[in-house]
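This document opens with one chain alone, in structure tokens, the form predicted on its own.
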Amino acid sequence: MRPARQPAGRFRFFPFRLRGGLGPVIGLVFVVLLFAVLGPAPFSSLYNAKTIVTQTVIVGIGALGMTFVIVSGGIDLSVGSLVALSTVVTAVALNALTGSGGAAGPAAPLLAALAGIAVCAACGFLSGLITARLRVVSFIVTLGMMQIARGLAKWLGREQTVMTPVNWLQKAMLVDPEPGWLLLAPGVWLMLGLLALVAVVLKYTVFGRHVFAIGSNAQTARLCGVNVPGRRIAVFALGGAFAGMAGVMQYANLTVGDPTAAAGMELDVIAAVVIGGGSLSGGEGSAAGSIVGALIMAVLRNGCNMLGAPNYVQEILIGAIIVCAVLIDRLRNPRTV
């Protein structure tokens, strides 16, 4: 049985709840102000703000699904590969529905997107089934699924990008949306809608409470009547479905199915949850915090690009932020030996 957490009130290093509440927001404001002062004038423009929010969509949606997994005490390393698989499945399904050289009707892109999401949800379900029923560590299971999903994507795409006819789904990630009254890209509105949904599920439903209970102490949750294996399977299936939705947005961004896309994205997704207040030990995390974490990374990358900083500087900064976030979590929640 995992030792009980030390009550937050006994630890006085932080005068208020930095990580779980104000911390990520303060970090986001600080990063924005830093680049507003140091960066060029275009950084502070409305168009660049819309660009940053749009660039957050793919990682943000993936992070919402990862929030369920991490809060439950698990980890999913297959997200990046599932995103790539979703782009390929969406493209292949769209081509199959429209026929050779045909025009994509209004229903075909939606059905193709649902196919991509369903395949990724099935992969997540399989990972959860092996983790919960065979009691294999989720790190190992999803590491294997990462390779399987990437291989499936390359097989379906015949190791090349999959071209598709022009369709309305390809407009989901336009910074200047069509129609203009949307103000933000359709993908941004999808992310915000999913944010509200996940926040409600985690905070106000029995399922959400069970997820937190399992992450805090799985054995206690089981003794309280929670179907721990069933909830874990559901959590990984949800994570897969959200990765599939992120993959659909990746397809919209690339306008093709790409089996090599999103390499390493699982690290960005996990980092977004951790930076946003999620604990890798389980039992802590929030939907809003995960989106804030994704925004912080998007602002960092955008600001560094405008300053002309090389990619390795961005990687060092994000890595340092992750280490600091985990360190704060360790300081706030020490485990008794």
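For the two forms, the rigid core is made up of the largest set of C-alpha atoms that agree within 1.5 Å on superposition. Quick caveat, the model's predicted, so the values are computed rather than measured. In case it trips you up, residue 1 is the first one in the sequence shown, and so on.
Below: the form predicted in complex with a further copy of the same chain, not depicted.
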Verify the contact flag for V326: yes if a non-hydrogen atom of it lies within 4.5 Å of a non-hydrogen atom of a further copy of the same chain in the predicted bound form, no if not. yes
Contact test in the predicted bound form: V136 vs a further copy of the same chain, heavy atoms, 4.5 Å: yes
Quick one: is I140 in contact with a further copy of the same chain in the predicted bound form, heavy atoms, 4.5 Å cut-off? yes
Any non-hydrogen atom of W155 within 4.5 angstroms of a further copy of the same chain in the predicted bound form: yes
Taking the partner as it appears in the predicted bound form, which of 181-189, 140-148, 235-243, 110-118 has residues with heavy atoms within 4.5 Å of a further copy of the same chain? 140-148
Could you pull out the residues of 285-311 that have any heavy atom within 4.5 Å of a further copy of the same chain in the predicted bound form? R301, N311
Can a Cα shift of no less than 2 Å be assigned to N305 between this form and the one not shown, given superposition on the rigid core? no
Flagged pair G39/I322: C-alpha distance shifts by 3 angstroms or more in the predicted bound form. Which direction, closer or farther? closer
Explain in one word, closer or farther, how the Cα atoms of I321 and C304 are placed in the predicted bound form relative to this form, where the distance changes by 3 Å or more. closer
